[in-house]
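There is one chain below, alone, in structure tokens, taken in the form predicted alone.
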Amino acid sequence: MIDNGYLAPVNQPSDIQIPRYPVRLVATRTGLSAHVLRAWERRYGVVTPTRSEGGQRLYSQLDIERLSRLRRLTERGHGIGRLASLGLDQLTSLDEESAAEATPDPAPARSPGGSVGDITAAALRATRRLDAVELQAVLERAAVTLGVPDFLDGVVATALNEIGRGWTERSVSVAQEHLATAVFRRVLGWLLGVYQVNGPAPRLVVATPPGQVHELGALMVAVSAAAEGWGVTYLGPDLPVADLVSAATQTGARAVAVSVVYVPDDRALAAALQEARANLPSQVPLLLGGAAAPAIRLEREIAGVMVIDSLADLRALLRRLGEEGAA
């Protein structure tokens, strides 16, 4: 490489190899969301960004080119798992070949892997066929291509609502509902592992209160928090209040979240929440979410308990709490 008339050292990286671009700029240039970038890096190792002194992920121009080609190829139906191991030259050739073969599509542009509605419909079809392998594959592809917010809000929440409604109307069998629950739990647990934060981060303790055995809502909360950069201590369903409080104290939790789906006895839930609120540090918010939370409202909310109506509201609150803690 010639630079200003002098021969550059052999080991000196070229300009396009120097990591200098932050994740927001990379997301803009590649068309990939920050959530998808992180999932592809952790799950498939598609690129290896460096870290600035402040811990910010930095990418090179070569990384951006590679990620751009990966996005285009996945949009044309190629699996990211197979593409991840290919070199840039191979990706370039495949990209050019597939572009030449592609026919114009008059339909509106869709998210990689299909629209949210298409993906949800595919998940429901797999559920009705009792095809756990296909259901898991559909969900994992959607999680990687859509990113956490769209996957949880659009696919998971919609599919679970449809399955629950079908179970009530007897158009979904008990076996189909059980299979779907098991697969969704597996995929959400996998996502939680993918996004789990190592190192310093505000910590959220997540569980369901005593008597609440349905944990998918709590898992969705845990995954949402992890994708927002929080360290998550996930404790599962039906947790005694004393253990919830102890875990929050032991981990130095910045907040505690509990999820409720069905409440046969409002008074028992109110008592559990009152006990938790009374024993948690006053500066630690106690968040209540889940399918039943907005409707119950616990007689206009127990003092000190924040009812969260949606995952979007949860993400906004976590960002605010994180900023307050960093200030």
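Think of the rigid core as the biggest set of C-alphas that the two forms share within 1.5 Å after superposition. Don't overthink the numbering: it's just position in the shown sequence, from 1. No experiment lies behind these values; they were computed from the predicted model shown.
The next section is about a form of this same protein that is not shown, the form predicted in complex with the DNA.
Interface residue remark: residue 39 is counted as part of the site for the DNA in the model of the complex, having a heavy atom within 4.5 Å. Put simply, residue 45 is far from the DNA in the model of the complex: not one heavy atom of it is within 4.5 Å. Mapping the unseen interface onto this chain, residue 52 counts among the residues with a heavy atom inside 4.5 Å of the DNA in the model of the complex.
Taking the partner from the other structure, the DNA in the model of the complex has a heavy atom within 4.5 Å of a heavy atom of residue 57. This chain is displayed without the DNA, yet in the model of the complex the stretch 78 to 86 from 160 to 168, 186 to 194, 243 to 251, 78 to 86 comes within 4.5 Å of it by heavy atoms. Taking the rigid core as fixed, one finds a CA shift for residue 25 of 2 Å or more between this form and the one not shown. After superposition on the rigid core, displacement of the C-alpha of residue 242 between this form and the one not shown stays below 2 Å. Put the two forms on the same core and the Cα of residue 52 is off by 2 Å or more between this form and the one not shown.
Expansion of the residue 37-residue 257 CA spacing by 3 Å or more is recorded in the model of the complex, set against this form. In comparison with the shown form, the Cα-Cα distance of residue 76 and residue 126 decreases by at least 3 angstroms in the model of the complex.
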